[in-house]
Every structure is written in C-alpha cells, then in structure tokens.
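Okay, here we've got a single chain as structure tokens, the form predicted alone, with questions on binding and movement later.
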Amino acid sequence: MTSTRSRCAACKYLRRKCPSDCIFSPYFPSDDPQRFSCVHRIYGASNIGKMLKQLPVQLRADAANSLYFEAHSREADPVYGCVGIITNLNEEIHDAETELAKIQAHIGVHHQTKNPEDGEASQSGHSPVQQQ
C-alpha cells in the first residue's frame, strides 16, 4: 500500500522517504520548505528530531514554532539572535514606563496648581474621570 501523502519539507530537504510516523511532518509541511531549511541550518535535523521526540505531543507545535523563530532571528542577527529582540523590547518598555511616570507627575502638578483647594474637581465642577 503506497501513501498518496506528499513528503514533508524535512524529508524533501533530506532527500528521503517520509514515513507515516514522521516526527517532522506535522510541524514542517511540504508547502513551507524554507521553515525547515532555516531551522536545519541552525540546529541540524538530528537535533530537531531529538528535541521534538523528548516533548509531549501537545507541546511539539509550540516547540517547532520556537525553534523556527529562534533560528530565523539568529540568521537575521548572528550575534544576538532573539535575545537582541528581547533586549530591544525591554528597553522600549523601560522607556515607555519612564515616559508614563513623567506624564503622570506632570498631570499631578497640573492638577495641584489648577485646583489647590479642590484636588479632584475641575473648574467646571465636573470630575476629570466620568463614571459610566
């Protein structure tokens, strides 16, 4: 009995038959050969297979996605890889938190100077935050 299923991207790349229980086929479909190629260049097929086999089936898709993201990031930035992205995002968070603190302090000063005796109400008599 021959299978009409096409080979997965990993088996095509490795030029081998794709067995019915292929560890790669659910995570590296034949219509996205660049995905496996990218991961293979960084980790190697044997290591990818070992990592996937060690995980419970329900975690393998997330692991394959993570491997692809990390490999793709490493190709884009060979020195830092995904750590560079994480570092940049942490810097953006820190900058946003600093800016927010400055704005909140400015708003607090503005409220105090505008209504020194009545810190909550504005000049029109309405609360600055209206409840719905």
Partner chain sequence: MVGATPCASCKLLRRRCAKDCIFAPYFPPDDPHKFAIVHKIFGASNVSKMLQEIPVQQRGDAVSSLVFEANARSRDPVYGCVGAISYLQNQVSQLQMQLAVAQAEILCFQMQQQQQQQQQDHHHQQPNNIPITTQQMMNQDEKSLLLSTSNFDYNLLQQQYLNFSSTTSNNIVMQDPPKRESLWT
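Numbering follows the first chain given and starts at 1. On a predicted model such as this, the values are computed, not experimentally measured, just so you know.
The same protein also exists as the form predicted in complex with the partner chain; that form is not shown, yet it is the one meant from here on.
Every residue of the trio Y68, H72 and A76 has some heavy atom no more than 4.5 Å from the partner chain in the predicted bound form.
Mapping the unseen interface onto this chain, K12 falls outside it, with no heavy atom inside 4.5 Å of the partner chain in the predicted bound form. Contact check for K53: every heavy atom lies farther than 4.5 Å from the partner chain in the predicted bound form. In the predicted bound form, the partner chain lies within 4.5 Å of some heavy atom of G44.
Among heavy atoms of H110, some come within 4.5 Å of the partner chain in the predicted bound form. Annotation for 56-94: interface residues with the partner chain in the predicted bound form are L59, D62, A63, N65, S66, L67, Y68, F69, E70, H72, S73, R74, A76, D77, P78, V79, Y80, G81, C82, V83, I85, I86, T87, N88, L89, N90, E91, E92, I93, H94 [heavy atom within 4.5 Å].
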